[in-house]
Every structure is written in C-alpha cells, then in structure tokens.
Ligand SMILES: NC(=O)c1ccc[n+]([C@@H]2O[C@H](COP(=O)([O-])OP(=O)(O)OC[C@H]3O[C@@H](n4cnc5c(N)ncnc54)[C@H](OP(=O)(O)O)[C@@H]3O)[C@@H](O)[C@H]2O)c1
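The chain that follows stands alone, in the form predicted on its own, written as structure tokens.
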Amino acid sequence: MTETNQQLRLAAFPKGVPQDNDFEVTIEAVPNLGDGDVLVRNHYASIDPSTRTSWVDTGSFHQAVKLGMLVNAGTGGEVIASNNPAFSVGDMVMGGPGLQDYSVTDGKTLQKIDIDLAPLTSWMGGLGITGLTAYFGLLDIGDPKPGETVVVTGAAGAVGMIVGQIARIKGARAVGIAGSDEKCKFLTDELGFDGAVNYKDDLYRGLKETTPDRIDIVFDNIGGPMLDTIMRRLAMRSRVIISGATSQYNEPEIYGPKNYLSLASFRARMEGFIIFDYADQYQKAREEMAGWAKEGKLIFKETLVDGTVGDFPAVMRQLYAGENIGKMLLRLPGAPR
C-alpha cells in the first residue's frame, strides 16, 4: 500500500493528567501482509480511564507499556486486506496491537463482530469490555434482588449507565451519581433510573433523599472520598463492588476508604474483580444484553469525538473532565459518518 500509517506512542510516563507531550505521533509505511496476516483500517479508538493505569513506570521488565511502545487503546475497524482464511475483506473487527490508523496482525487478537446485531460503536461500548464489566460485576458479585437499591458512581459513563439499566431489568431500584444536572436528567428521563444525585451538590443529602431504605449494592467506578460518603448509607448485608477508581488514576497517592468499619457494622462486604476472569462467558452475556437492547430494555449511548490518533490525549482529558455521556470514542479519519 502507498498509504502512511500514523501511530501514537508513549514518550514519557505522565505525571498527573496525561498531556500531549507525554506522547509522540510517528508515521510509518503500512507494512505488507505476510501469510496469515490481516490488515485493518481502524475507525475508532476506545477512550477508557483505566488505560491510564498502565502508563506508570514500575521499573519492571513486566512493564505494561514501555516508552516508545504503541499506546494500548482498544481499536475497532474494517478488514481491508486479508491473507487469513478466518477474515474476509469487509469484516468489522475489534482488537489489534495498539493505537494507529492501520493494524497488521495475525488475527489472533482480533474479534469479528456482527454488525447486524449492533453497530461497531455499540460493540466497543455496551457490548464491549465496559458493558461486560457492568454485567458481570453487578450480576455475579452484587446479585441484585427485586426491590433492592443499587447505587452506581460514574453513572452516566460507559460502565455506570449499563449497571443502572441492568439493575432495573432485574427489578432493583437504580440510583445514579453523576457530575451535572444534565447527566442526572439523562439517567432518569432517558435510561429510567429511579433517582440521580449530582455529587457537586450535597452528595450525602442527595443520597438520603434517593435511598430512604439505605443502599443494598454499591457499584463503584470512582473511589476516593465519594465512596466514603456512600458507605455511610449502607444497608444490612450490603455489597460494595469495586470496579474502578477514576478519581485516583491521576493522583500520586491513592486515597483509601476511611469509613471501612461500616462494613463490619452492617455485616457488609467489599469485593473487587477483573473482567478478564469472565472471558469464557463473554458470548453468553453479549447475547443476553443484545436481546435486552432489541426489546428496548437496554440503551447504548456513545460520545464520538472526531480526530486523528494524535488527538487521543486531548480526548482523554475530556473524559477525565466529564465531558462524555456513555462510552467515549475517538472517531478516526475514514470512519463512517
């Protein structure tokens, strides 16, 4: 091919919120395909707060992302050439070796998707890792019962919005915590949450008003002092699910919960999980979520930002500033409009 391939590489380990000069755009020729290779033109890059956790200098040879390596953002796109019988030109796929316009792989990291079931953007959001995180975290660890109250932080984000909707599907009450009145209105009016609290107002008062019977399940994506406040409202035998800690990823020191004795007082438990432990169950979960979406019970929402691979750091800053509703994706040149 004659096209050039823009790639984004890690140039420095960020101190705090990632800045443009922590990354470097490199331009290379698109390599020729070998036997068994697949060429993908990437249409979207996934913007996830947890990606930041791998840009830390551990000093170990197990370093997740080393300086000079491709940024480890999830990508999705279209197969435009293939020497691999498992993939045909025109197939839509997710996966690849990192953030770049074109990916050449042996296909082992690619997942072919069914665009008749849902568009590529939904596969990278509600049916992707974020949606699966919501599904398994809530259902396997939280095990919501009809009538119980589920509180989810980062509720207007990619994971949180799915958590609340699944809670409702299972007959539980869903209360979301978000960072603006617009997002709270989105949760209640469009997604059917039973209540929403703007944490920039009086968080505890808002929780008292929306959780009169206290909280049975906490699905936490934010961590920090917010989680401390929520733990003051735990109900007996409640479950606190640790999914992420967005508020802490750019901080030099992690804030640990100070109200942890609430777990003893209310005979509650706090449990974390890693989504990849459920890999053998992904297909079944996606089929169920796609079924809910078809029935109108589950809504997927994405925030798309147009740009090049070099715009990835700026879009990530937008994510940390709370400028997204639902899954945030960087839409690359050549992607369908």
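Numbers for residues come from their place in the sequence shown, where the first is 1. All values derive from a computational prediction rather than experimental measurement.
Note that the form predicted together with the named molecule isn't included here; everything after this is about it.
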Next on the checklist: I have Gly179, Ile222 and Thr246 flagged as a candidate spot, so tell me whether each of them has a non-hydrogen atom within 4.5 Å of the named molecule in the predicted bound form.
Outcome noted: yes
Checklist entry - Pick from Gly154, Gly142, Gly125, Gly164: which residue has any heavy atom within 4.5 angstroms of the named molecule in the predicted bound form? => result Gly154
Item to check | Partner-contacting position among Ala285, Val65, Ile299, Ile275 - heavy atom within 4.5 Å of the named molecule in the predicted bound form | outcome: Ile275
Next on the checklist: in the predicted bound form, is there a heavy atom of the named molecule that lies within 4.5 Å of any heavy atom of Pro14, even though the partner is absent here?
Outcome noted: no
Checklist entry - Taking 4.5 angstroms as the cut-off for heavy atoms, does Val218 touch the named molecule in the predicted bound form? => result no
Next on the checklist: With the partner left out here, check for me: in the predicted bound form, does some heavy atom of Thr133 sit within 4.5 Å of the named molecule?
Outcome noted: yes
Checklist entry - Does Pro313 make contact with the named molecule in the predicted bound form, using a 4.5 Å heavy atom cut-off? => result no
Next on the checklist: Given a 4.5 Å cut-off on heavy atoms, tell me which of 87-95, 154-162, 106-114, 229-237 is the interface stretch with the named molecule in the predicted bound form.
Outcome noted: 154-162
Checklist entry - Though the partner is not shown here, which residues of 304-324 have a heavy atom within 4.5 Å of the named molecule in the predicted bound form? => result Leu319, Tyr320, Gly322, Asn324
